[in-house]
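Shown here is one chain on its own, the form predicted on its own, set out as structure tokens.
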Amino acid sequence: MTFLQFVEGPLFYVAAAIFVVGVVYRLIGILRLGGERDLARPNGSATGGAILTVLRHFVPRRTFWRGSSFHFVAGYAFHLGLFVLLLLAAPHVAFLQERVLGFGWPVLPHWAFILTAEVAFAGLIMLWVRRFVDPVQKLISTSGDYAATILTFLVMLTGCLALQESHVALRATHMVFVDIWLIYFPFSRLIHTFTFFFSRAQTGATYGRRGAKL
């Protein structure tokens, strides 16, 4: 077994298992926490408030646009770009088809991959730089934030370097960082990919039940 076969085979499956089990464990832990019982008379719908808050906060209110426009643009550039690359990049679809799912779907043309990667890189770098220059972001950022950003950047960078498959070592390096990223994900700030739905819904349910305007 070559090193590439190892990182794309046994190590990947172990990393993927840790990712799935870790994420499920964290989500179950959040759900088991529940919340304090509100004994006050409801003045609105908690369910409606939860749904509205989750959907409404995907776009900042006009009042806050000036202060949040940078984060909004950079955040969407990175997250949507990365999401598209993960699901529609030809190497990723081929890998999932061969080793995980057994079927594939249409992929991005090469030019679209390059464009999407540039947008995702630009968004990530903008968010990264903001942690250094914005006083508030700098104050609340932790080593975990920087570690997650650096690791994600390395996964993306090595993925682009391995795109042409000009050298086996480049593909193996990319897969090593992917495996590390999968293992690190459930125990890091990256878990917000899933947990932000719960936090937004909980906040919306609380204020929706109280009849607040969301």
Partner chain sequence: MTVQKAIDKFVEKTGAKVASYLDACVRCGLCAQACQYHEATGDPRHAPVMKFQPLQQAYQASKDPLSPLWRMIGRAPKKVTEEELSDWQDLIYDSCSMCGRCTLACPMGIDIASLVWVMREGMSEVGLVPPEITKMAHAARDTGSPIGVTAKKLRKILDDVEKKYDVKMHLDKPHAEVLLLDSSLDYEAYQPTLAAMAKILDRLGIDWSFSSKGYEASNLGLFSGEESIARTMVERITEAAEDMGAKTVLAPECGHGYGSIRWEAPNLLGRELPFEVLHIVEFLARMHKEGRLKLKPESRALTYHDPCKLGRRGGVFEEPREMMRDLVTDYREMKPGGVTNWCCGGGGGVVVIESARKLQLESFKIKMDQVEKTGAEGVVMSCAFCHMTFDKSSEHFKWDKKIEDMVQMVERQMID
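Keep in mind that what you see is a predicted model, and the values were worked out from it rather than measured. Numbering follows the first chain given and starts at 1.
Separately, the form predicted together with its partner chain exists; it is not shown, and the next lines address it.
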{"item": "Triple contact flag 5, 94 and 110 to its partner chain in the predicted complex, non-hydrogen atom at 4.5 angstroms", "value": "no"}
{"item": "4.5 angstroms heavy atom contact with its partner chain in the predicted complex for residue 47", "value": "no"}
{"item": "Distance check, residue 155 to its partner chain in the predicted complex, heavy atom within 4.5 Å", "value": "no"}
{"item": "Residue 136 within 4.5 Å of its partner chain in the predicted complex, heavy atoms", "value": "yes"}
{"item": "Distance check, residue 169 to its partner chain in the predicted complex, heavy atom within 4.5 Å", "value": "no"}
{"item": "Partner-contacting position among 30, 51, 180, 160 - heavy atom within 4.5 Å of its partner chain in the predicted complex", "value": "30"}
{"item": "Within 4.5 Å of its partner chain in the predicted complex: residues from 184-206 (heavy atom criterion)", "value": "186, 187, 189, 191, 192, 195, 196, 198, 199, 200, 202, 203, 206"}
